[in-house]
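The chain below stands alone and is given as structure tokens, in the form predicted alone.
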Amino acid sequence: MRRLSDGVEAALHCMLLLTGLDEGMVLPGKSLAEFHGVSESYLLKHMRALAARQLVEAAPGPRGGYRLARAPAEITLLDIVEAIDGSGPAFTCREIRRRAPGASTDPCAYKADCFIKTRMLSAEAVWRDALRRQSLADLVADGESMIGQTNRQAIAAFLKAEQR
């Protein structure tokens, strides 16, 4: 299993919170950080990465903030993960098989990809496909059924007070 950065968790939670904004409204970065109990500078780094991938729009100025750039159904979990952690492979083969004592020095012995690399990249492709099949809209649906009434009311009150 690939270890995702803490930024991915923050980004997923922020994206989910932004789905609750009223049409045309934004939520300041400071409010996002406050809601999630993280530093504003830490969170804004990740929000800039989401904006660079056109997953959120950043409205500048004193009345600025963030909102989704697309409908939740059009934003995959893979989009969010790759915005924060990049799209490079999780596994990098360093060809250590060639370093073993007595290993062949004939380059022809290594024409085929390392079978460990092949298996690892295959597993990663399955993982990426699973994230690609899930969208932010799926998280919204999960939240509707799994977040209790008290917390839903607290979230709605927070958004009402903080959105601009």
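Just so it is clear, the model here is predicted, and its values are computed rather than measured. Don't overthink the numbering: it's just position in the shown sequence, from 1.
Although it is not shown, the form predicted in complex with a further copy of the same chain is what the next lines describe.
Student: Should R48 be counted as a contact of a further copy of the same chain in the predicted bound form, where contact means heavy atoms within 4.5 Å?
Tutor: Close contact is absent here: in the predicted bound form, R48 is far from a further copy of the same chain, nothing within 4.5 Å, heavy atoms only.
Student: Should R70 be classed as touching a further copy of the same chain in the predicted bound form when contacts are defined as heavy atoms within 4.5 Å?
Tutor: R70: no, not in contact with a further copy of the same chain in the predicted bound form.
Student: Taking heavy atoms only, is A154 within 4.5 angstroms of a further copy of the same chain in the predicted bound form?
Tutor: Result yes; A154 sits at the interface with a further copy of the same chain in the predicted bound form.
Student: At 4.5 Å between heavy atoms, is G20 in contact with a further copy of the same chain in the predicted bound form?
Tutor: Output for G20 is no: heavy atoms all beyond 4.5 Å of a further copy of the same chain.
Student: Can you list, in sequence order, the residues from 89-103 that come within 4.5 Å of a further copy of the same chain in the predicted bound form, counting heavy atoms only?
Tutor: Heavy-atom contacts to a further copy of the same chain in the predicted bound form: P89, A90, F91, T92, C93, R94, E95, I96, R97, R99, A100, P101, G102, A103.
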